[in-house]
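Taking the form predicted alone, here's one chain by itself in structure tokens.
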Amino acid sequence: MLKHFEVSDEIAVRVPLPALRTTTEAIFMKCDVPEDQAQLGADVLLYADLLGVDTHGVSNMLRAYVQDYKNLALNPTPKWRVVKETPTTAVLDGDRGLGLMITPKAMEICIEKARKYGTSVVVIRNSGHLGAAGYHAVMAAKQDMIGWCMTGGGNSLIPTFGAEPRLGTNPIAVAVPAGKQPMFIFDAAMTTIAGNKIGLACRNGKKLLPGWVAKKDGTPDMEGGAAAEFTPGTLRMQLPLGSTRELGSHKGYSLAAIVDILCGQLSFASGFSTLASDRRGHFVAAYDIAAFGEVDEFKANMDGMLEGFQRTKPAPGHERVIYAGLSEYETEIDRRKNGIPLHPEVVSWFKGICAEFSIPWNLTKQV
């Protein structure tokens, strides 16, 4: 994650992972989520915080989920079901359950089918936010498969030449196992920055950089310096990857449209034909490496490729060349040892919700 969005060491509160996990599980259970599902939800969120994907961890998303449970927008005890199925595909109805818990179920089905038939795709409708898409893709990678996860919906991305948002940030995640090297994990929004990063910038008092958002009339803001105003649920004017047509924004725009098609149209989720602001759909896929060749040979080849990236001569001003997943791997090592860095505002929210739910406070004990 860019330094622009990180909590500075001067104000960060390092919280021990076990304490953050038990507190998060307790908060979910206070929202009437069953214990096993609370544990799964906490695992998905903490995956993000451990890897430095603070936009999608407990430090940023948990409060939104709590509010949705309070408003009855989410069902804490969904009876998800398969509504259509073939040997290699399935469509799941999530019964308004949180995607954090529904999507791993979909990927489990996907992995089982891919193990039998080589490849599989499962789509989900009627389900809430799924957290960091990378978590679900990594599930397949841990089973010696290439994992995919995408999620579409909402309106925050402005189409090229458009003056109003019509697509979501629509992230794509791909996870690929390697041998000795940390696995390749790509997980990124199809906007120039993830929507929640505007929230992190706002929390940290940072301005927005050129090419991140559009002005009120839809013109790309290529000067930067705008205030990072962020309120969940309000209209955002985010630019696609590329920012302008000359820099390739039509590619980010079209990729976001593809995510909407595969997540929403293919799952026959409601609202996608009209680009409704509350639409949501998910997509997971798995490719079993053994169906294509020897797994050990594949992993050795991946090692060679990833090592080749790292041996690349760095440009002036840079110490090294990395690949998607490497810096996250290194961040996880640090955070498992030294705790998760939280912004004081986040700690304050945790104190408030723990008091409201009568949950014992233990987050600020020594790591």
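Each residue number is its position in the shown sequence, starting from 1. Values in this document were obtained by computation on a predicted structure and should not be read as measured data. Throughout, rigid core stands for the largest set of C-alpha atoms superposing within 1.5 Å between the two forms.
One more form of this protein exists, namely the form predicted in complex with a further copy of the same chain; it is left out here, but the text below deals with it.
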{"property": "Residue 75, heavy atom within 4.5 angstroms of a further copy of the same chain in the predicted complex", "result": "no"}
{"property": "Touches a further copy of the same chain in the predicted complex: residue 338 (any heavy atom, 4.5 Å)", "result": "no"}
{"property": "Partner proximity in the predicted complex: residue 82 to a further copy of the same chain, non-hydrogen atom cutoff 4.5 Å", "result": "no"}
{"property": "Distance check, residue 118 to a further copy of the same chain in the predicted complex, heavy atom within 4.5 Å", "result": "yes"}
{"property": "Listed residue (202, 226, 109, 257) with a non-hydrogen atom within 4.5 angstroms of a further copy of the same chain in the predicted complex", "result": "257"}
{"property": "Proximity to a further copy of the same chain in the predicted complex, single hit among 104, 154, 211, 97 (heavy atom within 4.5 Å)", "result": "211"}
{"property": "a further copy of the same chain in the predicted complex - contacting residues of 299-318, heavy atom within 4.5 Å", "result": "301, 302, 304, 305, 308, 309, 311, 312, 313, 314, 315, 316, 318"}
{"property": "Exceeds or equals 2 Å, Cα of residue 282 between the shown form and the other one, core fit", "result": "no"}
{"property": "After fitting the core, residue 198 CA displacement of 2 Å or more between the shown form and the other one", "result": "yes"}
